[in-house]
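The form predicted on its own is given below as one chain in structure tokens.
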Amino acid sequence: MRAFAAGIVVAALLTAAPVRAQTGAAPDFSNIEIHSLHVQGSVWMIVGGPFNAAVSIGNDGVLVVDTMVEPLADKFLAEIRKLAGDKPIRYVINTHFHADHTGGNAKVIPAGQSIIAGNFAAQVGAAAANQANVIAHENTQIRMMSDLKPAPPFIAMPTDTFFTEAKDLYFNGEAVQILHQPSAHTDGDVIVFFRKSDVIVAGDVYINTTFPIVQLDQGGSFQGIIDALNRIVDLTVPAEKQEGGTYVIPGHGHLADEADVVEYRDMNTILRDRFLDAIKKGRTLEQIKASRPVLDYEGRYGATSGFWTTDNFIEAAYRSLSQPAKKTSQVR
């Protein structure tokens, strides 16, 4: 578990600032291997160290959800080719803007092929036709341009953004729903629901390796994380004895089902109520830290060093819940 937590530390560092500037050396990705797991239906989970992605493969081609980090892009593409053969990559969906989910865009996108034919292809040009279409919430596009340093190349940017609650498409014989989760991990998070395959790709609104990473400066909130977890629970349906059924691919960590998400949701709901009670009583952040409000969960999700420590989580939760605009809008 600690090794996996260390992996997500690297991922988070990549999104915040150049790793070289913080550690003195770029991280070594050369020993990370890419593996794939058939989840169910048309959906595969692809794992490279601490990084998760997903693909749908079928008669229409390949739909990719997240592209990992840039140094793994070639290995990632090789794994897709192993699974899909010569089927074209038609779509890329980015669950949010962080570089451990969008870093491979610049190589994956031009390896794809748009669904453009005939005269229209001639009008838009071969370059536009010979690349995958990239779907993301518009806040993801904005933050890719403004928050990622250095900014990604133009080829890596989303080509199809939306600002509404949801966007959908029909691909590989099933409805695919792209559902915006406001003010959760960031302000541009989406979850991707493959309805026939019965698989949800959650991005970083659900991870099972650490306490939630709440990026307040990027539009995230602790209550928004809980709201997103409740959304996932609403969509999932378990099979026999509450196991299996709808599967959930987290942004980082192991493949999950409804029971796993419920456990994580319940933990965060309990912790939210503890924080709200302490805030109501006028406790300061330092007093709350001293009381160790997450002690019973530290062994599973806590960390004392790295990017996202237990103290980082407590501070983010306190700051988020102390802001009137961020207080609970959906108490569940």
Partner chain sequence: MNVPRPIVAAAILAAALVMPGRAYAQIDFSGVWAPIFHEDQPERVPGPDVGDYAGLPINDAARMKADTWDASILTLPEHQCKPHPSTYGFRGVGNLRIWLDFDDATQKLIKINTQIQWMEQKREIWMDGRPHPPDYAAHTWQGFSTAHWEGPVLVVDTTHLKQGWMRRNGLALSDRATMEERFIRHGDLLTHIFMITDPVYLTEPLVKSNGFRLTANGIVDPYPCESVDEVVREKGVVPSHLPGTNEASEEFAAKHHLSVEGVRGGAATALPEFAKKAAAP
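Numbering follows the first chain given and starts at 1. Here the structure is a predicted model, which means the values were calculated and not measured.
Beyond what is shown, the protein has a form predicted in complex with the partner chain; the following relates to that form.
Of the candidate stretches 182-190, 84-92, 242-250, 197-205, only 242-250 contains residues with a heavy atom within 4.5 Å of the partner chain in the predicted bound form. In the predicted bound form, the partner chain sits within 4.5 Å of a heavy atom of residue 265. The partner chain in the predicted bound form is approached by residue 234, whose closest heavy atom lies within 4.5 angstroms of it.
Under a 4.5 angstroms non-hydrogen atom cutoff, the partner chain in the predicted bound form lacks residue 285 among its neighbouring residues. Among residues of the shown chain, residue 230 is one whose heavy atoms approach the partner chain to within 4.5 Å in the predicted bound form. When you look in the predicted bound form, the only residue of 61, 27, 293, 41 with a non-hydrogen atom within 4.5 Å of the partner chain is 293.
In terms of contact with the partner chain in the predicted bound form, the residue from 175, 78, 142, 255 that brings a heavy atom within 4.5 Å is 255.
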